[in-house]
Each structure stands twice: as C-alpha cells, then as structure tokens.
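Take a look at this single chain in structure tokens; it is the form predicted on its own.
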C-alpha cells in the first residue's frame, strides 16, 4: 500500500468504528469517545515531539497533564474573597520566603566552593523551608476553614476558561524547563527518573495542599466554553433540527453539546498538528532527528545537543499541559486522585508506539485506536464474561470469570503493546525516512 493510501485507509477504518458505535449504542457515546480521543491525540503529539523528534523518554506524563488541569482551576474559577482575607497575608509572606530562599541559595553557591558549597546550599534551603512553613501552615489552616464543604481554597482568577489552555501549557513547560536543566546532558535514564519523580511530587502536592486545589475534595463547577445541554434545549432551531431526525429534545441537546466540543478540540488538534508537521519538516526538525539518531556525530558537527534536547522537551511538555487543561474543561471538574500513571503515562506511551513514533499522523491515529479500545474493552469484557459464565454451573469458576471482566482493559493494553512490538515495531504509520543515496556495490 502506498505512503498516502495506508494512512487514509487506517483513518477510514477508525472513523467507521466510531460511526458504528453511534448506530449500535448512541451518538452521544460516539461523540464522547471522539472528544476524549482528540484530547489523547494531542497528548500523544506532545510525547511524540519528545520521543519521536529527540529520543527523550518522559516517564512523568501524568504530572505535566495534572499541571494543565491545575491551570483550569487557577484561571477559570472565581476567587474566594474570604479565603484571601483569612490567609492572603501569610501566604504572601510564604511566597516571599520562597523567593528569598532561592536568592540566598544562588548567592551562597556563588561565594563558596567545593564541599562547603554543597553543605551551605543545603543548609540555606532547609532554613528557607522552615521559614516558609512558619507562614504557610497558618495560612493554609485559615483558608481551608472557610466553608470547607464547597470552598476551602483560594479559587482562581475568574478569567475565560479558554485562557487556561495556553496557561496549562506554560505551567507544564516551566516544570519541564526545571527538570531539563537538571537532568538533560546526563545519561538518558536520569531524565526518566527525574520525570517520574517530579510527577509524583506534583501529584502529592495537588492531593495534600487543599488551599490550592481542594485536594481530594475535588473542584467542581469549572466553567465550560460550550453551552450546557440545558442551554441547548432552550434554542429553538436546535430542537427543531433534532426533531427532523426523530430525536428527542434532550438527546438533541446532548449531541449538540458534544459536537461543539468535538469541533473545538478538532481545531486545537489541527493547529498543533500543522505546527508539529511544519517543525518536523523544517531544518530544525531534521537537526533534531539527526541528534536523535547519532548524538555523537551531531556534537562533532558543533550542535549544542543539551540545548536542543531542552527545547524539544519543553515544547512536548507544553502540548501535554494544553491537553491536560482541555480534559478538565471537558469534565468540568478537577480530580487529583484521577491522575494515575496507568492512564496518563502508560496508555499514552502505548498510543505513541502503536501509532508510530516520529510520525505525527501516526501518533494521532494511535491516540484514537487505543482510546477506542480502552473505552470499548469494558462493555465487551462484561458481555464476553457473562456469555461464558452462562455456560458454566454455579461455582467458584463462574464467579471468578465474572469478577475478572474489569481486568480485560489493562490486559488488552498489554497485548496491543506486545503485538505491536512483535509485528509492527515501527507502528501503524511508520516514520518516513529519506531514501538512501548510497549506490549499490558492484561485485
């Protein structure tokens, strides 16, 4: 199959599967799958920029996605005035203590040398942390005591929720810059360990610092860019259009709401995909792939490998942060406990590998295929388990089969990854490589 026909055929099959869900189950389910697949595809583009362009392994995707979610809370939610009055002063002093600690640590490192520098820096950071906690602890207690059932946090800036998407990218990019400055330039496994560690630190902060994002109490009621289903029911022409297709007003409103999200997400995905393709086919993209394929040769040619790795790592993390903010916007709530490495790291890596690392169109396709499988595995597993259990008499085996049905989802993810590595190691849509100009040898 030709280079163009293969992707078109694969995308046509994927579209047919989603349309089949619309006919068999409902169009709201099909559009819900599409919306989450679009967000997953944006995340895979970010990881593909890091791995497919620069060969950087990010083991902490979940942390950068969570930072995008935090942006949605801090930007779109209205501020809680009483919380700012109760703990704003001490919180500001804690922030000044953090800035003072950073400045003092930089000053100490510039004035000391050798082993004394290490110990002096550690002592400065420890002293600054103690001072910061002196102000932060009473501030957090006062803030969390303000109407804790529905508030108990600072709130946000009350800006339009779409502003949170680029801010989420900036949050993730900032964290990636700090990690990259420390870990890049060392061995490749250091970056994997650093990203894994920073992701766990981010999740621990989000789950325990209630004054920031309510912790495990969750933040609900985040504004949405698309009108709600109830609003769509009040629009006359929407209900009339649905009635012409034999749909009830409630079903029409649900489809209109999800379709609006799909169009908005498709616009973002198309923009990022266009930019990623331009970058990949530019001299910068060719340089990044040259560094990925042979780092030593690139260094010998005068390329600053560490700087370029930092660029691509920050760019990829920013895209993941944008997708994280979009996901919270779609859900309308921020749930720190929902960020698990299985869903936001392992599954995203399966998407990239299955689609084809180094190929942006392959990464997008991988996001759709794996998310579709992830969603459909549960009803298919329950159906298969029930059908098999009906053939067995009552007993431990029948109960075991019924109880094992929910585990089909991670089992399928593992099987997809193994089969892909065995039969299609370069993915469904492999990376396009330049044809070799080497002449065949004549014997």
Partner chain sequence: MPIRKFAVPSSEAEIPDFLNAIVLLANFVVIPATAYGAQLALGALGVTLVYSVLRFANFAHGDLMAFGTAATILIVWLFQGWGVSLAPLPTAILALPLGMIITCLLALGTDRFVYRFYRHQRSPAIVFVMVSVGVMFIYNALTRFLIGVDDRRFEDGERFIVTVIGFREATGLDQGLALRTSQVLTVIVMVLVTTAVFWFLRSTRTGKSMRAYSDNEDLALLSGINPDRVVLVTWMLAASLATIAGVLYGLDKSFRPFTYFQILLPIFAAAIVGGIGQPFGAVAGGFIIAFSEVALTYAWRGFLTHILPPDLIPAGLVQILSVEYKFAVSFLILVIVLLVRPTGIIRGRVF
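None of these values were measured; they are calculated from a predicted model. Positions refer to the first chain, counted from 1.
Only in words, not in the display: the form predicted together with the partner chain, which the text now covers.
Taken together, 274, 295 and 369 are entirely out of contact with the partner chain in the predicted bound form: none brings a heavy atom within 4.5 Å.
Of the heavy atoms in residue 404, some are within 4.5 Å of the partner chain in the predicted bound form. The partner chain in the predicted bound form is not approached by residue 379, whose heavy atoms all lie more than 4.5 angstroms from it. Interface membership of residue 349, defined by any non-hydrogen atom within 4.5 Å of the partner chain in the predicted bound form, is confirmed. Remark: residue 384 does not count among the residues lining the partner chain in the predicted bound form, judged by a heavy atom distance of 4.5 Å or less.
Note on contacts: among 99, 186, 85, 150, the single residue with a heavy atom within 4.5 Å of the partner chain in the predicted bound form is 186. When the partner chain is considered in the predicted bound form, only one residue from 190, 123, 245, 107 comes within 4.5 Å through any heavy atom, namely 190.
Just one listed stretch, out of 115-123, 219-227, 249-257, 234-242, contacts the partner chain in the predicted bound form at the 4.5 Å heavy atom level, and that stretch is 115-123. Applying a 4.5 Å heavy atom cutoff to the partner chain in the predicted bound form picks out 51 as the lone residue from 19-53.
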